[in-house]
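A lone chain, given as structure tokens: the form predicted alone.
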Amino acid sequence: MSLYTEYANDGKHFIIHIKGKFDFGLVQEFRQSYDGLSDRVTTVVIELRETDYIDSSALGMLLNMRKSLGAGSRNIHLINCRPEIRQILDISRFDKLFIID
């Protein structure tokens, strides 16, 4: 399994865990994971602890998710990034669009 989701904090936090490669192969699964997300959810967390690769299509998926969920209406956190993934996010200036922990 490359992607799984869960709710935390009384349904207010939605967490997407990505394991292995975060690339074009996850487009449909990633999009479906947050499609129809409840209005109760105030925070979306992308857990990248077990992500060992990220490419430009993954960056595009994150931007599309942000747009789809209403940019600015929900906090979106990218957490537990490995240094090489954090570097890609920094170079892409994702720290201006997402909360990177």
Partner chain sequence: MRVLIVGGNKDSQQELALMVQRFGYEANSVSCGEDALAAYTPFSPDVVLLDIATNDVVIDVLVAKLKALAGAIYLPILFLASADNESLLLECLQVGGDDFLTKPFDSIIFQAKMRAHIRTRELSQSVAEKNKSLAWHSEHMHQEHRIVQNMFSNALNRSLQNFSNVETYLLPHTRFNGDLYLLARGPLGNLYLLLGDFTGHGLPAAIGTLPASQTFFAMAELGSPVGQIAAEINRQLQQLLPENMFCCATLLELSASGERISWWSGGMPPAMLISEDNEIKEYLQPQHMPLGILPDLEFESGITITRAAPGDRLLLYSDGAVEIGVQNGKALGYDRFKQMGKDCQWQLSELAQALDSAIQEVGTDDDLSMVLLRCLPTGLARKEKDDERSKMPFHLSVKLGPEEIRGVDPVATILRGLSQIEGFREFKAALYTVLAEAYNNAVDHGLLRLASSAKSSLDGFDTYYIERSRRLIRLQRGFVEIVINYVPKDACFYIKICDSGPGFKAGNSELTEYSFGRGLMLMKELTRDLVWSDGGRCVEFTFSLR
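Bear in mind the structure is a predicted one, so any value in this text is a computation, not a measurement. Positions refer to the first chain, counted from 1.
There is another form of the same protein, the form predicted in complex with the partner chain; it is not shown, and what comes next is about it.
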Quiz prompt | Close approach of I15 to the partner chain in the model of the complex, 4.5 Å, heavy atom | solution = yes
Practice problem: Using a 4.5 Å heavy atom cut-off, state whether S73 contacts the partner chain in the model of the complex. | Solution: no
Quiz prompt | Exercise: L3 in contact with the partner chain in the model of the complex, heavy atom 4.5 Å | solution = no
Quiz prompt | is_contact(S38, the partner chain) in the model of the complex, heavy atom dist at most 4.5 Å | solution = no
Quiz item: If you look in the model of the complex, which residues in 6-34 sit within 4.5 Å of the partner chain (heavy atoms)?
Solution: E6, A8, N9, D10, H13, I15, H17, K21, D23, F24, V27, Q28, R31
